[in-house]
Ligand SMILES: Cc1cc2nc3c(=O)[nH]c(=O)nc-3n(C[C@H](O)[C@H](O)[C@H](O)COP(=O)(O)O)c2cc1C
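Read the single chain below, which is given as structure tokens and is the form predicted on its own.
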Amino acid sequence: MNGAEVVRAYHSATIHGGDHDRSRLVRFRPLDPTNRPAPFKVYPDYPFTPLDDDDPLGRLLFYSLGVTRVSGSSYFRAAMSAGNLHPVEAYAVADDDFVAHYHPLQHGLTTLHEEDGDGHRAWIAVVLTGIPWRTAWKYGERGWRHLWWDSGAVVANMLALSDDVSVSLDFDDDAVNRLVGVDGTSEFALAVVHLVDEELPGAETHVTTPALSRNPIEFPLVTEIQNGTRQHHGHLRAYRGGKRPQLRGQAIEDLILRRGSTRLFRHETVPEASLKDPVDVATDGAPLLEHLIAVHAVEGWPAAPRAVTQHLCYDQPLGGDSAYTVFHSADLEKVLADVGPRGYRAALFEAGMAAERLELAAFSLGLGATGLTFYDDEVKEVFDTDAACMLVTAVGVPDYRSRPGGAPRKPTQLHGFDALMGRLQMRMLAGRNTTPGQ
């Protein structure tokens, strides 16, 4: 199959609902607690250096990937992640061929590659990679989509933090994988975050690290779609900072620490500006996407049936309880024609970036937001569109007050998180009695 055929086959096989050929999906036990991937990648045989609180690189890394909240063995980070599984890793690269891995909890760098230099090191890039097993442990092959969602969310924070950052999805996969010491199968490069206008070095890093779990599972379809989306034609743009949330006197760091996936919404109406302003922020700089909106409670807007939207969002009540829910979508045939197979990566990436921007903008107005999955074909049917849904974001009035995240190495302890999740479970059980059309 050529790249476009690989994209079509993968996308169809990983659709929720509908009649699709899923014969190539790996049969495995999802959420096996005895085989759960470790939440952090470690390099016990390599030197680790904590980052200073005032380090500019540390600021960029922490407020995009750092651990900000903790509840028991659950770690919540600065950017959203599907299932809170956080499969994205980050590697800092300097102009003297220095390569280091970022640890999100310990907030420091592990030196992986270093050559003799003159001591005048300058950071030139951050390479974001994805570990498919960390998300496929729960979601199977569909988890490959999540790698791009999550990297887009991380980049959204980076672009909000710095006007100097630009992000490229157009790079030599093999060269960047070699640079940061990953094999291109169990972990592979997703995006290059350029801190300055300078080419990446051509160094090769060779390292060893413990396995993430007892028996990591490989998914041939994930390897196929990753390899099948290498090529592109036409213009694959770099991403830069665009419209930002209304900070209203607060620092962007404080807004990022306040953001977190909302678990419960109240059925309250919001002003029209609470829709228009966040959506303007979210849609800026995402040229491959169109954004379909189900409005439930916005002043001056007709209300869509909450039960229908809830069903579209994989029957999750948050989708219907929101003031409005945005379906970030892309016409894949147009993307393939205009950009090529690598455009599929970019469309998923843009969806994650748009969703995180929407969340930040919503939180800046005192609202809440969360990302959701969806029934792919039914979204297209309800909105009468050829565009394929890439990701969903629900925005509304939160039904509780969340605690802001903490500083580096000092995450906020969420003592009431289990009670909140219990309320969410009860809401989900109640929602099963609600059917589309009610």
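On a predicted model such as this, the values are computed, not experimentally measured, just so you know. The numbering used is simple: start at 1 and walk along the sequence shown.
Unshown form predicted together with the ligand; subsequent notes refer to it.
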statement: If we test each of Gly242, Pro287, Pro216, Gly83 for a heavy atom within 4.5 Å of the ligand in the predicted bound form, the one that passes is Gly83
- prompt: Among the candidate residues Cys389, Leu51, Leu372, Leu60, which is the single one with a non-hydrogen atom no more than 4.5 Å from the ligand in the predicted bound form?
  reply: Leu372
query: Which one of these stretches, 311 to 319, 292 to 300, 121 to 129, 232 to 240, sits within 4.5 Å of the ligand in the predicted bound form when only heavy atoms are counted?
result: 311 to 319
- prompt: Is Arg178 a contact residue for the ligand in the predicted bound form, using a 4.5 Å heavy atom cut-off?
  reply: no
- request: Flag Trp133 as yes or no: does it have a non-hydrogen atom within 4.5 angstroms of any non-hydrogen atom of the ligand in the predicted bound form?
  value: no
message: in the predicted bound form, is there a heavy atom of the ligand that lies within 4.5 Å of any heavy atom of Gly260, even though the partner is absent here?
response: yes
field: Partner proximity in the predicted bound form: Tyr102 to the ligand, non-hydrogen atom cutoff 4.5 Å
entry: no
query: So which bits of 132 to 150 sit within 4.5 Å of the ligand in the predicted bound form, heavy atoms only?
result: Trp149, Asp150
